[in-house]
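This document starts with one chain, in the form predicted alone, laid out as C-alpha cells.
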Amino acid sequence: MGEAARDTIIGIDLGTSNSCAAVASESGEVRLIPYKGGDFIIPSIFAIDDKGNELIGHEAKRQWQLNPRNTLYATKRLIGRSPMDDVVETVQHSVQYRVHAGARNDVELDCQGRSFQVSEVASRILAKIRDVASDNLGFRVTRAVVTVPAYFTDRQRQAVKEAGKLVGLEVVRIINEPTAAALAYGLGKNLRERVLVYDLGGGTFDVSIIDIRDRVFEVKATAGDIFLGGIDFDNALIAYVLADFRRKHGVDLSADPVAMQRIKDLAERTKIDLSSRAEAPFSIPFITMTPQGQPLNIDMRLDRALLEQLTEPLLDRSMEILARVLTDAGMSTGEIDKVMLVGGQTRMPAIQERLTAFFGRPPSKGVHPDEAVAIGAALYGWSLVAGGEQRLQLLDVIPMAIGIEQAGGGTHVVFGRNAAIPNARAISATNSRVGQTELVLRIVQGDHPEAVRNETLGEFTFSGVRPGPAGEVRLEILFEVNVEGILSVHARDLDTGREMKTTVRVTQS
C-alpha cells in the first residue's frame, strides 16, 4: 500500500459550480471519490461565517442564503484575470460578494472584511478535495492532475498551478476538460473515432474536436467562452422573475442580497426541473415587505417554452462557437463520428434538440456529463504512473493565439490559434537603440490584431544584451509552450551564443 500510495495521482475536476475527484487503481479501474453521505460532488464555494469560521463546499452552500455577501462562488471565472477585464465588471453584476482590483494586476474578493486572491479561494477548494480524498484512501494525497477549460489562457493555467502550490498539492499536469472527457469515453476501447465534445458546465463552455486512435488523443481544434455556462441560464430566469415582480409590485429586489439568494437558489432548481417537466411553480413566500409592513410573495408558474425563449441567445452563442470549431478544423458535420455531451447544463432538452438538428443525429450519451472530466483526469494520472504500454499520448492545441506587441500596437503572432502543443518557435530581434542592454517584450494572448485588446500575459525583460550600434546585435527569442499549454521564453545572442536570463514582471494596472 505504501508504495502505491506514494505513486497515486488523483484526478480533480475543479469546476465553476461543483468540483469532483476520482482515482484509478493499479489496474486502471476508476472510481469517483465520495464525500461523507455518499455525494461525489463538492460545491466550489468558500465562505466565512459571523464567528470567523472558514467553510468550504457543502458547509458553505448550506449557509449561503443567510450570508450571501460573505459566500464566494463562481470564482473560477475570475482566476488569472486582470481587473481591467470587462469580465470582472460583468461578474460583479451577477454575484452578491464584492470584487476589486488586487495588487498583482489581478482580482481580489471581499469576505468578512478580509481580502482574498482568487487563487487563494481555489487553493482552499483544492485542499478540501485533497483532504476528502486522503480520508477516503487512507493516505495523504499529494499529487493530482487538474482539469481546466480548453479556453483558459496561459495566465489562468498558471494561476491554477499556483493554487495547488499554496496548499502543498503538486499539480503534476493540467489537462483540458474536453480532452479529459474524451479519455473517459475512449480509453481501453481500441477506438478509431473522431468525437466532438460539447462541454457546457456551470460557468464555462468548450467545444473540441478530438481524434481518438486507441491510446492517442489528438485535438484538431478547440474554441469556447469562459463566460457561458449554467449560471448564465439561471441569470436569464432571475432577470425575468425580478422584472415580473417589479411590474406587479413596483419593488426592485436586486438590491436585497438575501432575497436575491433565495431567488437564485429557486431559479437553479426550477431550471433543472424544467428539463424533465413542461412547467413548474416558482413560489417564494415573504420575499419582502411593503413600506406599510405587508408581506409580499413571489408566486408564478414557469414553463419550458419560456425558459427556452429566455435563454435562446445563450444557445445561439454556443452554436456559433460550435460552427467556428468545425470551420477552423476544415470539417463538415458528416466527418464527426460522435457528439459527446459534457457538463450539467447539457441535460437541457433544447440543447440536445439543437445538436440533433445541426448534426442530423442525436448526441451520444456515452459519458456521464458530471463525472467524465474527473474520471478522465484520474485515468491520465494513472497512465503517468503506470508508464510503458499504459502511457497515453495527448496531442492538444493552443485555444487562442500567443504573440508579442509590435511597435505600432499590432500583435505579431508567434503561435496561431489551434497550433499544436507542445510547440516551440524562434523569432529574431535586434537592439533598436545604441548601447541598449535590455530588451522588453509585452506578450499577449488572444485573436485580436490589436495587442491592447488581448490578454496581457506579462512583460518579459531580457537583461544582459551586449551593447552595440542600433540594429547590430542579433538576438533569437525562443517561445516554448509545454504540454499543459504554459509558455516559457528564452533569449540568446546569436553572435556570442550567450543565453540571457528572463525575468517576468506581470504588468501592473
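As the structure is a computational prediction, the values presented were derived from the model and not from experiment. Counting begins at 1, following the sequence as shown.
Absent from the display: the form predicted together with a small molecule. The rest refers to it.
Every residue of the trio Asn18, Ile231 and Asp370 has some heavy atom no more than 4.5 Å from the small molecule in the predicted complex. Picking from 356-364, 194-202, 134-142, 244-252 the stretch near the small molecule in the predicted complex, with a 4.5 Å limit on heavy atoms, gives 194-202.
Think of it this way: in the predicted complex, the small molecule has a heavy atom of just one of Asn105, Gln261, Ser275, Gln390 within 4.5 Å, and the residue is Ser275. Screening Met348, Val397, Ala184, Val339 for any heavy atom within 4.5 Å of the small molecule in the predicted complex leaves a single hit, Met348.
The small molecule is not drawn, but in the predicted complex it has no heavy atom within 4.5 Å of Lys128. Mapping the unseen interface onto this chain, Gly343 counts among the residues with a heavy atom inside 4.5 Å of the small molecule in the predicted complex.
Although the partner is absent from this view, Glu268 contacts the small molecule in the predicted complex, with a non-hydrogen atom inside 4.5 angstroms.
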